[in-house]
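First come two forms of one protein chain, each written alone as structure tokens, so that there is a structure 1 and a structure 2.
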Structure 1
Amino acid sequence: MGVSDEVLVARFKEGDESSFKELVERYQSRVYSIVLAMLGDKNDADDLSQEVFLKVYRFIHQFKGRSKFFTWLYRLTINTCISARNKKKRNNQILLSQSFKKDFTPIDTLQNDAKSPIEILQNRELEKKIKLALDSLSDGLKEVFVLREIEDLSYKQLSRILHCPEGTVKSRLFRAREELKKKLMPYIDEL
């Protein structure tokens, strides 16, 4: 097994730039997938993922080690996503500036398994409905859903990242699932 996150963080704080590079390589795909799931736009996800790691670089000295590094990193990622969404809202920009991106990972398999043009169209429509439903969730519900269902984090990890009890995490996840189910049920019944 490689060097632990804690050792890499300590080395980076001491001036070892290669340790930072290793942290980026270790977490860049996970950060990107969270950002993409939260924002839904590949270009925004590219830019914001870089912004997250710039913030890590600038603020690593504030990481005290009271939690695991990935907990701090995920919290930083979620906060960066929420700030970006709020900034877009303030600028009256539409969050859904493009149609649903084909490479939204959790839904990709729907298109890959389609056999006929009708199935492909149905799958694309379902992707759009899922994306719209996910985007309609409040930030709190969306973040817990993304981190649990897409990143597959445990309730304990979510509790640490979100700074709330596991019961609250489970409650938010239940509400997120129920809202998504309610919003998607009419469409799924049509299939």
Structure 2
Amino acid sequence: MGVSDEVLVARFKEGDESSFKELVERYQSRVYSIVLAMLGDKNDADDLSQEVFLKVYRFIHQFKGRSKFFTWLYRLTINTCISARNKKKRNNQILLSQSFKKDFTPIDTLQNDAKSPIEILQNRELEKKIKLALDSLSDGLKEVFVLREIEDLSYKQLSRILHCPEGTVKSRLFRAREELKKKLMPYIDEL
């Protein structure tokens, strides 16, 4: 087993940049996946994931170790996504909706022509549909669903990251899955 997050954070606080590198390499895929799922744009996801780690670099001294490092990191990631999303919404609302209409067909009108799970998952178009379905969720439902599916975090850990009771985590996950289930019914019935 490698060095714990806590030790890496302590070393990094002491000025050891190689520990920061190790933390980045340990979490870059998960942070990137969360950002990509939250924003749905590859270029934005790369830039924003870097922004998350720049914040870690800059504000690591604000992390006092009262919670797990990943709790702090994922909270930071979610906050960064939400503020970027709001900023983008304000600046680019019309352009965004136009590009979505052009690139994607609404889920409800899709025909399920894939034959097996592998074929389904290899279908880039289907991937877009799933992302579009995800994008239709509110931020509150999406963040809990994305964190749960990417990280397999327990309801207790999720409640700490999202600052809400475990009961809220449970009901939001239920609602998120209900909405996704309805939108992706033809695909998930076939698997």
Partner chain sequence: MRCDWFKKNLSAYIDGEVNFLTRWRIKRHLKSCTDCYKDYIRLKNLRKISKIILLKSPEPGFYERLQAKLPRLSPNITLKKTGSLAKFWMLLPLPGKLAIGGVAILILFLLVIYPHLSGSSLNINKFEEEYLRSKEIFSVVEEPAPPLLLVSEER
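Throughout, residue numbering runs from 1 along the sequence of structure 1. So that the term is clear: the rigid core is the largest set of C-alpha atoms that superpose within 1.5 Å between two forms. What you see is a predicted model; the values in this text were computed from it and never measured.
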Of structures 1 and 2, the one that is the form predicted in complex with the partner chain: 2
Core superposition between structures 1 and 2, C-alpha change of residue 141 at least 2 Å: no
Shift of residue 56 between structures 1 and 2 at or above 2 Å (CA, core fit): no
Residue 181: Cα shift of 2 Å or greater between structures 1 and 2 (core-aligned): yes
C-alpha positional change at residue 151 between structures 1 and 2 - rigid core reference, Å: 3.2
